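What follows is a single chain, given as structure tokens, in the form predicted on its own.
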Amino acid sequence: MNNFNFYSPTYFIFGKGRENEAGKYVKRFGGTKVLLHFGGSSAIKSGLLDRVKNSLNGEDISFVELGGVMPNPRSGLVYKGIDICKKESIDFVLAVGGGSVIDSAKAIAAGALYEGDFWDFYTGKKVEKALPVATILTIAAAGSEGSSSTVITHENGMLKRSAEGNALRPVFSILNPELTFTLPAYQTACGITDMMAHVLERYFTNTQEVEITDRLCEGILLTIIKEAPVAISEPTSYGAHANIMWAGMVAHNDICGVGREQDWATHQMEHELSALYDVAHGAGLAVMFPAWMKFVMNHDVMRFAQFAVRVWGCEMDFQHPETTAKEGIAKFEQFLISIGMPVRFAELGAKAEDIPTLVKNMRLGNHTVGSFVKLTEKDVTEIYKLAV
């Protein structure tokens, strides 16, 4: 196990009706004038936004509204939010929505205290300070409600990039599983795939003697595999959605990734897919992760065999561990199909002839991507081809 620092200060408020306490917690964490950030009409139609505003009004907290966050959140709205924060002397950002809204809120919070272009944070500069951010989660998926990261697509070139810094960890997050009941099954499945991918980016590692985090990763995956079909087939199953919602947070606050080398190549390859085709992030990951697994499996066959045995219940073939490894990858792919996810380019509307563009947009040059296997441009090209 490697040396590590782990800092996870987010205060979680979990359960039914807890969004009605938003104002109390904004006040507790020092907010006096809030940017209320949200997505489309669902938060309005469901009455959630009104409940949040009533809670803020009840604590005499003023707020400015900024809606319109899109999936794969865009830079244009971030610039608008930063401008509002500076002009209105906003001191707190409250995100009401899923990962896209939270990621946009984090970008605004960082940019509001920065004199340069917020995009600097998405091209290598670490976020050292930001306005306090809090979240009211409506989609279990990205784990942004507990993470230190954010992903934004810049409209100049449609480049999808991430930024990171502990200053971006939400000061509090309200998680009410009931808020996810009305999601379409496809959106729920995309979220489930996203959280599984967050675990897998950490699970496939070259670091030795990491049994504790291996077991944490496997436990999260086993929970998701058990609860996902129930959450999709029974939209109002509180128990299934509660377990899925907490799994999504634990999958990405990095508790299962400490002390071990992490990969993240698949996420970066998927970012180019969703930037070019504007597909759901989870759907893109469902296509790219099995392809990545098939390409890198021989780098550490025994780790893939362990994944097959511990997570998917495969029998270990000690004479031919690659057979077990391949069976685990196949079972993962079958699970994705069973919850309604695409697993090939064509199902996304992606095209083989666009592979050179996808690779070019990664801007690797002579560099590599990933840690489990350091992938060159040629390698990435082959993985995209496997996804076709």
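As the structure is a computational prediction, the values presented were derived from the model and not from experiment. For every residue, the number given is its place in the sequence shown, counted from 1.
Same protein, other form: the form predicted together with a small molecule, not shown, and the subject of what follows.
Of the candidate stretches 209 to 217, 310 to 318, 84 to 92, 139 to 147, only 139 to 147 contains residues with a heavy atom within 4.5 Å of the small molecule in the predicted complex.
The small molecule in the predicted complex comes within 4.5 Å of no heavy atom belonging to Gly349. For the chain shown alone, Ser42 is a contact residue for the small molecule in the predicted complex, at least one non-hydrogen atom being within 4.5 angstroms.
Residue contact check for Val69: one or more of its heavy atoms lie within 4.5 Å of the small molecule in the predicted complex. Residue contact check for Asn298: none of its heavy atoms lie within 4.5 Å of the small molecule in the predicted complex. Think of it this way: in the predicted complex, the small molecule has a heavy atom of just one of Thr180, Ser75, Thr205, Ser173 within 4.5 Å, and the residue is Thr180.
In summary, among the residues Arg260, His241, Lys160, Arg169, the only one with a non-hydrogen atom within 4.5 Å of the small molecule in the predicted complex is Lys160.
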